[in-house]
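Listed next as structure tokens is one chain, alone, in the form predicted alone.
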Amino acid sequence: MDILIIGSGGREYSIGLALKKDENVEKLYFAPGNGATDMLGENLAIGDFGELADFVAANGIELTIVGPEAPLVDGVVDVFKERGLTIFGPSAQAAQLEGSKIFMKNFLARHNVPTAKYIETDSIEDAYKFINSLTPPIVVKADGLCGGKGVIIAQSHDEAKIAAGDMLSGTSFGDAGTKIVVEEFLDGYELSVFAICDGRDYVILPAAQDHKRLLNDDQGPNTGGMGAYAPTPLVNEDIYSKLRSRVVEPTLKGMKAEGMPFTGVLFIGVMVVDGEPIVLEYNVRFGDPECEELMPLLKSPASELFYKAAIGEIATANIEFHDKYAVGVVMASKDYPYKSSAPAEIIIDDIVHDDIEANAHISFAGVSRGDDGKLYATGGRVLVCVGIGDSIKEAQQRAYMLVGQVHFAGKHCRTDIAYQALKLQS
């Protein structure tokens, strides 16, 4: 089959890389793709959803996969389904689970899904009153999409009040923050859990752990993610069982009962507190960079996972994963996450180690193709070096060996991705 992937980041490149190895897939298209996705398929300079649907229909593309959240929230799935086209992702209504933190928190409360105590408000007075009732740290979230940056963990009441005021005034995140959620801080360990859903049934993928902070030992500002690994040893069958019965199943039943059945990736940001999984937030797409680690662990054809979910038949899919580990290290541009950096040519050494050639690869993200045909780092998170191994340590070593083969001016990365798991296993 021919497949279109909507998006331009490392997540979409990773999905494309998995599909490229799938014997069921003939041709890949990316809209818009990035400077490296042209190595996997054809990039399309089409942004309008209707025009994109016209292209899909005219070219007999059998499946479209939506990577990022913005087109989902903006209704691309609805446009395609109105044309009778097969597309993987939630409707605009269902995508409110990510598009509005207020909608998400109220939905969790309605369906008794465990989550942190909270208030949603557009009143500075109500926000201050609730903040005063909490013990710091205190979490303040903008309601709308903020590219993964709309969450402030305040260390004092005053800091929380300043964050709330800046959001509600529009100073911090514009219209996305004119309504906010204030919630209690949960003390535990955080996980990224992904359920592939078809509106009724689901498959849970191996749990991952993301590293949001810019610097080693989880220091520095939050970013879109500096690396991840999967599966994490921090999850046991008891936690998976609780996630199924207390989180995924009531969510799918609730969404269906409210007239917006959920199809696509349900990304559950989980905090495990004393062995109990509590939902921090929902997203409606794969995490980035977690997707970069999950895709190479998929043993069964990637096309089956996405297509069966899109047509409502995930229960008939035989989804298997390799009994291995993956570690991904993000290589970022010089000034990330503070500001844009000047374009820098990417130079990759010839891989002379057979071990690295066979068990590591690059997922390209913020890159562009120059007029000279060379790749340039033009985004904040430039690429992800992914290593696969029989242990987390082996996967980590392979990822960092590949990091050493990649060069561009100003490059930087963390050197401790997966350190929590390695400490646990030592």
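Each residue number is its position in the shown sequence, starting from 1. Remember, it's a predicted structure, so these values are computed and weren't measured experimentally.
What comes next is about the form predicted together with a small molecule, which is not displayed.
Among Ile153, Ile351, Ala342, Leu215, the residue placing a heavy atom within 4.5 Å of the small molecule in the model of the complex is Ile153. Between the options Ala92, Ile239, Leu186, Leu168, the residue in contact with the small molecule in the model of the complex by a heavy atom within 4.5 angstroms is Leu186. Judged by heavy atoms within 4.5 Å of the small molecule in the model of the complex, the contact stretch among the candidates 186-194, 352-360, 308-316, 200-208 is 186-194. A residue is said to contact a partner when one of its heavy atoms sits within 4.5 Å of a partner heavy atom; Ile119 fails this definition for the small molecule in the model of the complex, lying far away.
The small molecule in the model of the complex comes within 4.5 Å of no heavy atom belonging to Val79. Contact between Glu281 and the small molecule in the model of the complex is found at the 4.5 Å heavy atom cutoff.
Taking non-hydrogen atoms only, Met271 approaches the small molecule to within 4.5 angstroms in the model of the complex.
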